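As structure tokens, one chain now follows by itself in the form predicted alone.
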Amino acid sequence: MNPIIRFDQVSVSVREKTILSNISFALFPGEKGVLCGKSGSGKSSVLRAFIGLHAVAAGSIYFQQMQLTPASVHTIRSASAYIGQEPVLGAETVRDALLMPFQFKTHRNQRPTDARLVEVLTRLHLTTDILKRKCNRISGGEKQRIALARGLLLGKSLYLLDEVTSALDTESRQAVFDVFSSPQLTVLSVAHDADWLARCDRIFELEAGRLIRERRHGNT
């Protein structure tokens, strides 16, 4: 089986400062990987590099054997769902935000029914009345779950998640855990949440932009 994500000796510099140095790891389909380490260690930068938001200074990044290049970055972004700490929903209401991708030709024939919207919201512990609310009037944790819901509605199987449980209560965190326990979904995340780490297959520890340790769940 080929990895779905592979970093091969990747270094990244921003404004002449090296933020990632010689990073190498692989994540296989269905696996849940988590990047951990102190603030500023480069965790979020790994996610951003994968979708081309940081240019690679050295080494190579691969998605399903496809190398990340200016020509392939759109394909990689289309195949994955990136949910940052402060997602931009890009619409006035939550319903509009969820349905926005289905206005485009690529997804026009996949527009979800109201029943499907309710199903996905319920899975993420969101009530249906949120559909009428304005995006600028919902909490950070709700925005993250709406962004997750949009990925699920689009049928994404690869998720890049940056601290998506940090602002959630216990029941909402459990709902997110349950959704992403599916073997059909591959997840590369940034988290400090011990419960989240306990549910991940691979733990990648970063320090000062370097991968200092990789371990499988349950192993030191």
Partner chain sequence: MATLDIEMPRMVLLYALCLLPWLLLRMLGLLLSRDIGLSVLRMSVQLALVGFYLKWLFDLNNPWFNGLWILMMLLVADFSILRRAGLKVRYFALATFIAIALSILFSTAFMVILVIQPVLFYDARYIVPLAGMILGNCMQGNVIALERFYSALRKNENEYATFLMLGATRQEAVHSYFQEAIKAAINPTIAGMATMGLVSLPGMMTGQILGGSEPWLAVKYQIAIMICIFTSTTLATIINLKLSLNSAFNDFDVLRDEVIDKRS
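For the two forms, the rigid core is made up of the largest set of C-alpha atoms that agree within 1.5 Å on superposition. All values reported here derive from a predicted model rather than from experimental measurement. Residue numbers count along the first chain shown, from 1.
One more form of this protein, predicted together with its partner chain, exists but is not displayed; see below.
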{"item": "Residue (of Asn109, Asn136, Ser78, Thr113) lying close to its partner chain in the model of the complex, criterion heavy atoms within 4.5 Å", "value": "Ser78"}
{"item": "Contact assignment for its partner chain in the model of the complex, among Ala26, Met66, Ile51, Ala58, heavy atom within 4.5 Å", "value": "Ile51"}
{"item": "Partner-facing stretch of 187-195, 147-155, 31-39, 169-177, counted where any non-hydrogen atom is within 4.5 angstroms of its partner chain in the model of the complex", "value": "147-155"}
{"item": "4.5 Å heavy atom contact, Pro70 and its partner chain in the model of the complex", "value": "yes"}
{"item": "Contact of Gly140 with its partner chain in the model of the complex (heavy atom, 4.5 Å)", "value": "no"}
{"item": "His74 within 4.5 Å of its partner chain in the model of the complex, heavy atoms", "value": "yes"}
{"item": "Interface membership of Val118, its partner chain in the model of the complex, 4.5 Å heavy atom rule", "value": "no"}
{"item": "Core superposition between the shown form and the other one, C-alpha change of Ser78 at least 2 Å", "value": "no"}
{"item": "Core superposition between the shown form and the other one, C-alpha change of Arg108 at least 2 Å", "value": "yes"}
